[in-house]
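Shown below, as structure tokens, is a lone chain in the form predicted on its own; questions about how it binds or moves come after it.
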């Protein structure tokens, strides 16, 4: 069973406030890049892992998907999804990504936004996804960037110029994969650091072929809304698109 961090009331309320803001990094950087990499969805079957509030599920329907299955471990998230983003062709399931080997079905697209770093066993997850994908099917996912997850204290170390402005970013323990904890709304958020090679190998071992790798950079809109964003110095997100051959 994966970590059900988002059903904590403090975390849930904080996350809701974060996602309601139009200046958060997900909206400004991660989601636009993910949207550019989406395949044609007309008539397609989609599986959204860690679907949260269902924003992407309803967007897939708008793009012509025939059926969308959204999975999330958080009951609180799915309550919002059912209330705000329901549709006859969307099915929401309360399930951990660690249990998707129980799903029977074939999908044209498996999609996940900022959830895979919460899963310990990446090779098993990739193997489960490969089984669920049709031949020629696409996996598109984002996660916290390995540079961002590397340091054991959950924080990077910034360099500053003579005026006190951030001028660079340092990190540690990149070569030591494994569990990390930090403070995000509350103490004790648990996630997993993997080197890029660990991620790429898990994808390859599952029989998937990487098509695109993206590391979103701040654009003018992002810099205007968040002029002091750390994303100028260190990548926040890693996005990978792969195909089942």
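Residue numbers count along the first chain shown, from 1. Just so it is clear, the model here is predicted, and its values are computed rather than measured.
Separately, the form predicted in complex with a further copy of the same chain exists; it is not shown, and the next lines address it.
- A residue is said to contact a partner when one of its heavy atoms sits within 4.5 Å of a partner heavy atom; residue 171 meets this definition for a further copy of the same chain in the predicted bound form.
- For residue 145, a non-hydrogen atom is located within 4.5 Å of a further copy of the same chain in the predicted bound form, even though that partner is not displayed.
- None of the heavy atoms of residue 190 is located within 4.5 Å of a further copy of the same chain in the predicted bound form.
- The closest heavy atom approach of residue 201 to a further copy of the same chain in the predicted bound form falls within 4.5 Å.
- Contact with a further copy of the same chain in the predicted bound form, defined as a heavy atom within 4.5 Å, is made by all three of 196, 212 and 232.
- Listed residues 103, 93, 106, 159 were compared with a further copy of the same chain in the predicted bound form; 159 is the one with a heavy atom within 4.5 Å.
- With the partner omitted from this view, the residue of 186, 66, 176, 35 that lies near a further copy of the same chain in the predicted bound form is 176 [heavy atom within 4.5 Å].
- Across the options 81 to 89, 128 to 136, 160 to 168, 112 to 120, residues that bring heavy atoms within 4.5 Å of a further copy of the same chain in the predicted bound form belong to 160 to 168.
- Taking a further copy of the same chain as it sits in the predicted bound form, the stretch 35 to 50 never comes within 4.5 angstroms of it through any non-hydrogen atom.
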